[in-house]
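Taking the form predicted on its own, here's one chain by itself in structure tokens.
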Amino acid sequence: MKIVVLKFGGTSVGSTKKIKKVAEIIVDYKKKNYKVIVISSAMSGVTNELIKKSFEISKNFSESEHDVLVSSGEQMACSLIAGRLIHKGHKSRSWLSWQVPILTVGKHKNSRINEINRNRIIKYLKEGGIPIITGFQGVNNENRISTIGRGGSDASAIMFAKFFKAEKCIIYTDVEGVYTTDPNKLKKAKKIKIISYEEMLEMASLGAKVMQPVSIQDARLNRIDIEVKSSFIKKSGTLITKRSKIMNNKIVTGISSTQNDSKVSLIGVKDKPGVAASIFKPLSKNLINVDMVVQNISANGKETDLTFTIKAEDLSKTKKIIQENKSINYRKLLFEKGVSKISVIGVGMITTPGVTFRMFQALANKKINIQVISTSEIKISVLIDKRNTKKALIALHNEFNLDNKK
């Protein structure tokens, strides 16, 4: 059985006009003799509206009821898609998570799909039906609706592709694919034809909004190839796949930038074992994610300066936690909001020397000062003044020949 999984994001089903377009895409695959499984998000804005209503009811709205509430958005979208396909003469119906069923584990609001019962869907496909299945949700061991968290519909599509051994998993969204950098920030950004899971994971973690990191990790672990493409324009998208399938002479695949980072520096911290842990432990307990970390030891070896980055929205909470932390001593505490993290990403960096020098030199040529540096096998990140973000993107995009078509 030749199965394709098609996932449509909120913008793709954002209006009845767009849903009619989605139905045309689904029918096109049906005409190509695919057995089509459709996963749909809620119409854009609907989930946020439902969450808003829950806050109006209670600031501590029940998590289990939260999942029941927000899952209703997908139910509405699926019904409208199925209704349009029926109107066009096709056998179709909406499937809610408990009707499949899609079995989940973990807490409400952040569950993971553990198993999908194939029997009913396979039977329906063999009968010529087009199942339209609610993404972002499942049923837990207490027979309650559970939601999968950010990027949940993508995760649903990837797991359906795994359990049904689909030939293709296509994520339809409002962009043509993955770009070398954010096209809203740099007009010269080019669409990437093919990218590895690892590169995409780094780009998503660093701000690329095409897919959530957890969904890419699911695809990587299960070796599911994903194509990301636009539901509005008939053009090829970006294939996300394993490294071995990529023949790429590009050292750097993409460049990402963030706009909501803040820098925290503790000057003159006593240098002794456990001091870093005593700083970061209360931050971790308060769910504050620490990113780039740099530690400088003084010449006499008795003091250290510790610098790290966090999200800007966590700055006031971080300041309070550190100031109330009696287990650490420091001479000065500094905060800076106007910073941006720029990262170059590419599997080609593993075997190519000189990438760090080229990056730093390109920034130096534009008189852009580097404040913090962090690296991994396929990524180099630097923290710079936020005002220099666009200038840095242009310089690095040019330095690594990303202006050229792929």
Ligand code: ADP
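For clarity, a rigid core is taken as the largest C-alpha set superposing within 1.5 Å between two forms. When you see a residue number, it is the position in the sequence shown, counting from 1. Worth saying up front: this structure is predicted, and the values here are computed from it rather than measured.
From this point on, the text means the form predicted together with adenosine-5'-diphosphate (ADP), which you will not see here.
Undergrad: Of the residues K126, K245, K209, K91, which one places a heavy atom within 4.5 Å of adenosine-5'-diphosphate (ADP) in the model of the complex?
TA: Looking at K126, K245, K209, K91 one by one, just K209 meets the 4.5 Å heavy-atom criterion.
Undergrad: Going by heavy atom distances of 4.5 angstroms or less, which of G106, P183, P213, P282 would be at the interface with adenosine-5'-diphosphate (ADP) in the model of the complex?
TA: Contact check passes for P183.
Undergrad: Although adenosine-5'-diphosphate (ADP) is absent from this view, report whether Y179 comes within 4.5 Å of it in the model of the complex, heavy atoms only.
TA: Yes, Y179 lies within 4.5 Å of adenosine-5'-diphosphate (ADP) in the model of the complex.
Undergrad: Consider V175 of the chain shown here, and say whether it contacts adenosine-5'-diphosphate (ADP) in the model of the complex, taking contact as heavy atoms within 4.5 Å.
TA: Taking the distances in the model of the complex, the answer for V175 is yes, it comes within 4.5 Å of adenosine-5'-diphosphate (ADP).
Undergrad: If we define contact as a non-hydrogen atom of the residue within 4.5 angstroms of the partner, is M203 a contact of adenosine-5'-diphosphate (ADP) in the model of the complex?
TA: Looking in the model of the complex, residue contacts with adenosine-5'-diphosphate (ADP) include M203, since a heavy atom lies within 4.5 Å.
Undergrad: Determine whether any heavy atom of T11 comes within 4.5 Å of a heavy atom of adenosine-5'-diphosphate (ADP) in the model of the complex, and answer yes or no.
TA: Contact check for T11: yes, within 4.5 Å of adenosine-5'-diphosphate (ADP) in the model of the complex.
Undergrad: Can you check 83 to 91, 269 to 277, 325 to 333, 166 to 174 and let me know which stretch has heavy atoms within 4.5 Å of adenosine-5'-diphosphate (ADP) in the model of the complex?
TA: Going through the listed ranges, the match is 166 to 174.
Undergrad: Superpose the two forms on their rigid core, then report whether the C-alpha of L393 is displaced by 2 angstroms or more between the shown form and the other one.
TA: Yes: L393 shifts by at least 2 Å between the shown form and the other one.
Undergrad: Superposing on the rigid core, does the Cα of G129 end up 2 Å or more away between the shown form and the other one?
TA: Stays below the 2 Å threshold, so no.
Undergrad: Quick check: E167 between the shown form and the other one - does its CA shift reach 2 Å or more after fitting the rigid core?
TA: No, the C-alpha moves less than 2 Å.
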